[in-house]
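Before any questions on how it binds or moves, here is one chain, the form predicted on its own, in structure tokens.
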Amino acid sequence: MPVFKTPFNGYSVKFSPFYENQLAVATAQNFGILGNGRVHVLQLGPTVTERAAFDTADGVYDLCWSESHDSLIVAAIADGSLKIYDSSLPPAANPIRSLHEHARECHGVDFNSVRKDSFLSASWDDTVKLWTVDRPASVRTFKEHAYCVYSAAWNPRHADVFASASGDCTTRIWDVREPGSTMILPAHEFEILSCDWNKYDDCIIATASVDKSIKVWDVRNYRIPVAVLNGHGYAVRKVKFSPHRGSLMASCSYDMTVCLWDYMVEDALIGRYDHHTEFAVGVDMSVLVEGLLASTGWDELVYVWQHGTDPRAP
């Protein structure tokens, strides 16, 4: 399957929710420590071609597609800003909006797939912010975490509910109608880098940690995890539930691998891909094509492949 070489280190990859042959990639120079960034919009075919690219003065740590406009992308930038790009417009006309409220690096973004007009940003300033596309200022700031917030994820069924994963070793569940978080999950004893909701059971959430594990929780009874998935050799950077199968999820890790899991079976690790030669930090599963995976990493490569095939195969 096709491979794309980026000039900078890969940080995040997301399939378009509108077009099965489009994906966006966030990259940052010098491993994201210092330097520029770039957002790539890629077209899948026999080869991967670049439809558009947008340069930034700082690294791009994450991005997400709009759920209501097929050409809009929200990017999380190392200077703390969020930038909205319209991939149908030339680079000179982009970004169409820059939102700068976070006091430190913006590390994660997620678009609301139920309401389709709002998105979240997670930052190293310990906060999560709620935004809508048409407003120049944030709607609300969620301030409870005691350390960096690495990711925030909307519940796939409830338009007002989201989760946040933090370096304070907790995942918090929030309802935007409530003044504070509605639940605190002391999910790991080390930093939590990622969380995601099950797409078929709105009470099931997965957390991924520096402790090398992924844990699956039922928010109705969160005293003990539903499953603990061990198999990565280093910190688990991202976890993503399948849009097609309830118990399936993908993860990527600083051990350079992408893993596929089925948390409902005894031998939960059902696939391991070791195609990256540096930290694997971005992974996604296509909503439109079942079994289609994408990953990116610090080796400056973006891979797209069908589960069960070799990502490196031409």
Partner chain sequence: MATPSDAPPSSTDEKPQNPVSQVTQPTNDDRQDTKVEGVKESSPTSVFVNSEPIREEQVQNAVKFLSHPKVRGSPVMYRRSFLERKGLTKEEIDEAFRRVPDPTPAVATTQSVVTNQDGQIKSSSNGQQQPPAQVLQPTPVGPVGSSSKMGILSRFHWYRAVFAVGLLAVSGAGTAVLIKNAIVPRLKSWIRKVASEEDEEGPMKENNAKPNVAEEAAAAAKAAAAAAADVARASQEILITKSEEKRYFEELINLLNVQTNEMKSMSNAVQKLEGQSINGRITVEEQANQRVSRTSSRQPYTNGKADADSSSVRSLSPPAPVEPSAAPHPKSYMEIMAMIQRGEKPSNIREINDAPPNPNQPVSNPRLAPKPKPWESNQAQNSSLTTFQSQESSNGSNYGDNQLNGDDTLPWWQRKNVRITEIETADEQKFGSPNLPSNERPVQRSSWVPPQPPPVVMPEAAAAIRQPKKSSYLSDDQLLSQSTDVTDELQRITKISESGGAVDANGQISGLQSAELPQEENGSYLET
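What you are looking at is a predicted structure, and each value in this text was computed from that prediction instead of being measured. Numbering follows the first chain given and starts at 1.
Here the subject shifts to the form predicted together with the partner chain, a form of this protein not shown in this document.
- A residue is said to contact a partner when one of its heavy atoms sits within 4.5 Å of a partner heavy atom; residue 148 meets this definition for the partner chain in the model of the complex.
- At a distance threshold of 4.5 angstroms between non-hydrogen atoms, residue 124 is in contact with the partner chain in the model of the complex.
- When the partner chain is considered in the model of the complex, residue 292 lines it closely, a heavy atom lying within 4.5 Å.
- Interface residue remark: residue 176 is not counted as part of the site for the partner chain in the model of the complex, having no heavy atom within 4.5 Å.
- Contacts with the partner chain in the model of the complex, taken as any heavy atom within 4.5 Å, map within 20-51 to 20, 21, 22, 29, 30, 31, 32, 33, 34, 35, 36, 38, 43, 44, 45, 46, 51.
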